[in-house]
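In the form predicted alone, a lone chain appears below as structure tokens.
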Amino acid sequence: MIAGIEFGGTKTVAAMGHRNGGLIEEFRYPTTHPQGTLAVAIEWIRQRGIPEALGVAAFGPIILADHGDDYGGMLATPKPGWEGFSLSASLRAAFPGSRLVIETDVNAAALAESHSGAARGLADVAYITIGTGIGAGILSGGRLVHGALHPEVGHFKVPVFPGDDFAGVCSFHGNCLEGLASGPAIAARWGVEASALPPGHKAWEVQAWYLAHGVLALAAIVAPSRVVIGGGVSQADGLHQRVETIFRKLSGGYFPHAEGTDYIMPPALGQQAGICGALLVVAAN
């Protein structure tokens, strides 16, 4: 039996489960400041026993390049109080005998959807999440992708929707993909949360335009066999179909790996993709 923790921008999930991603029990609660957020997860896991291993899926940017002293260190993030915080230091102190594996939340979700979700059995998968930010996990040749940093697809620069003069909300890049199409960007642009916008609102045409350009870049760079789009904003009716339609026009039939009618899909695991992936990364590393 192993433990998993998913640190998201708004919620954290602690779970006990198996290396195959199967959940035994989970507990969800709001993400606040780092010390308090970790303390809740640590205490919940301790009450259920010391795990053999602990898999973590965390929002980023985060240091994953090696397992040294800075492993699991949070980099420049708009999440107040988290920049410079070390997940590994806190978790190694709490569970010194447990093997620790840390991944991004989106990479973990990509792994879970490949294992038992919308991309089951596929070795080349991209998972995009749209919420408080935009991130993407990439599984290529059956391996999760990292470089000197992990993928930061949300900070792609994308073409501007015709007539769009919105400056964007990204504190680093202004009108990058995240700055134009994340949950906070939608609220700033239209004055209401995404969940309050009706299906026929122009917002969804604009949203699909930007996401389709993000998918186009992924299709050209890492050639996934399927793109899964999740996160709170993605639950809007018809959004996946809108993105698919615009992507088809943009791609011009150039990418044979992207020609299937089910190329862009919602996650089959729903809100459990991240925490199931947190368990799966233990076996994958």
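In this text, all values refer to a predicted model and were calculated from it rather than measured experimentally. Residue numbers run from 1 along the displayed sequence.
Missing here is the form predicted together with a small molecule; even so, the following discussion is about that form.
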| query | finding |
| --- | --- |
| Residue contact check: T31 to the small molecule in the predicted complex, 4.5 Å heavy atom | no |
| Contact test in the predicted complex: G232 vs the small molecule, heavy atoms, 4.5 Å | yes |
| Non-hydrogen atom contact E205 with the small molecule in the predicted complex at 4.5 angstroms | no |
| Any non-hydrogen atom of A194 within 4.5 angstroms of the small molecule in the predicted complex | yes |
| Contact segment among 31-39, 247-255, 232-240, 47-55, judged by heavy atoms lying within 4.5 Å of the small molecule in the predicted complex | 232-240 |
| The small molecule: the contacting residue among G183, G117, P151, G72 in the predicted complex [heavy atom, 4.5 Å] | G183 |
| Of T132, N175, S90, S98, the one that lies within 4.5 Å of the small molecule in the predicted complex (heavy atoms) | T132 |
